[in-house]
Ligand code: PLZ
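Okay, here we've got a single chain as structure tokens, the form predicted on its own, with questions on binding and movement later.
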């Protein structure tokens, strides 16, 4: 029978039931369905209201207003059902409004919504810390601290490393993205739109070259690491360096997968020189790449690991987890914050982690990756504008270039994305040069939607 979903402004829409995914949230039909052009009239009205009420710097990738989402679809206020290849930027890995998450948060709402953990603690914060200590790489003694966003967690990881080492300098890498706060903007490499006009930034931040196989001229991972380490030693000096921070697979920078051996060589050098090795798994964490954390695939054990995004099924939560002696270095009261580890977010995280484990979503990410690489690999073989298909699990990207010069083609990338949005697929771009299309479907997406969405992308590229 039909189910009626009311929009936030009482514009009802009728959606005919079809089989829904077993993991994702509301029992929405798992289909791409366009009943109006994208954007439809109701979304256009909302966008006009947005322009009058919300700061202009807050953008919108797809010009629709969401009314419901679950499984592999996002339904807008006009009744269009779009295939979701974004997962809220890798947040809703377990699906939107996943049943365990909804149940857990609903139950917690009836108990209490906030006490501030640093005022009156509660079990769920400790439960999340224990789960992270168990799940993250390495069998050493660990501690965790909870925060609200990936940027906040990155900033606290740097604070902890500086306090532990008594040193100040921090090295990030080319193409990195670590957030939008003042310190994390300094760590982030890309100027536009993340840094332009917002300086000056926090001091003692330095940048080293990354392993970028497509553009490295054939450097091996070991050679790329030697290049980076040489620069660090010559320009900064290990005796001044508190931490290296790196994404195992870069996110906003273009889903760059470093060559084999690059990350282990950096980790070994850091360990030998008393430098804290921080791994930012905000986008790669929680089954996204086919293992619970991408670090596992590269054979590295971080001193500190930063998590967020996929941790709590859409609720704001982040964490720093790491070696007990490092995490325990700051003085009592040196870590915390009013909302960090909010009880609603904590129970959501516990339900989300249970879903990842009981539904074996790491394996599901690998299955999604096989489909992505098969379909996108065929695109690469047929179209010289696709320079590379790269990624791991359900975190995959294509880099688009001018086939004559090999130079990044941002205009083509934008045109493809716009056509895909108009055809009813939520798709994200990224990359320092603006020429990378990334695929981050929820792990609850059914195969038929995944294949259909990829066909839409292929058609848009062919017509661009």
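From a predicted model like this one, the values you see are computed outputs, not experimental measurements. Numbering follows the first chain given and starts at 1.
Absent from the display: the form predicted together with the ligand. The rest refers to it.
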Note: the ligand not shown here; in the predicted complex, the stretch from 211-219, 244-252, 351-359, 135-143 having heavy atoms within 4.5 Å of it is 244-252
> At the 4.5 Å heavy atom threshold, is residue 302 in contact with the ligand in the predicted complex?
Replying inline: no
Checklist entry - Taking 4.5 angstroms as the cut-off for heavy atoms, does residue 89 touch the ligand in the predicted complex? => result yes
How about residue 309 - does it come within 4.5 Å of the ligand in the predicted complex, if we only consider non-hydrogen atoms? yes
Quick check on residue 282: any heavy atom within 4.5 Å of the ligand in the predicted complex? yes
Checked 262, 85, 177, 293 for heavy atoms within 4.5 Å of the ligand in the predicted complex; positive is 177
The one residue among 341, 150, 313, 71 placing a heavy atom within 4.5 Å of the ligand in the predicted complex is 150
Contacts from 183-202 to the ligand in the predicted complex (any heavy atom within 4.5 Å), listed N to C, are 194
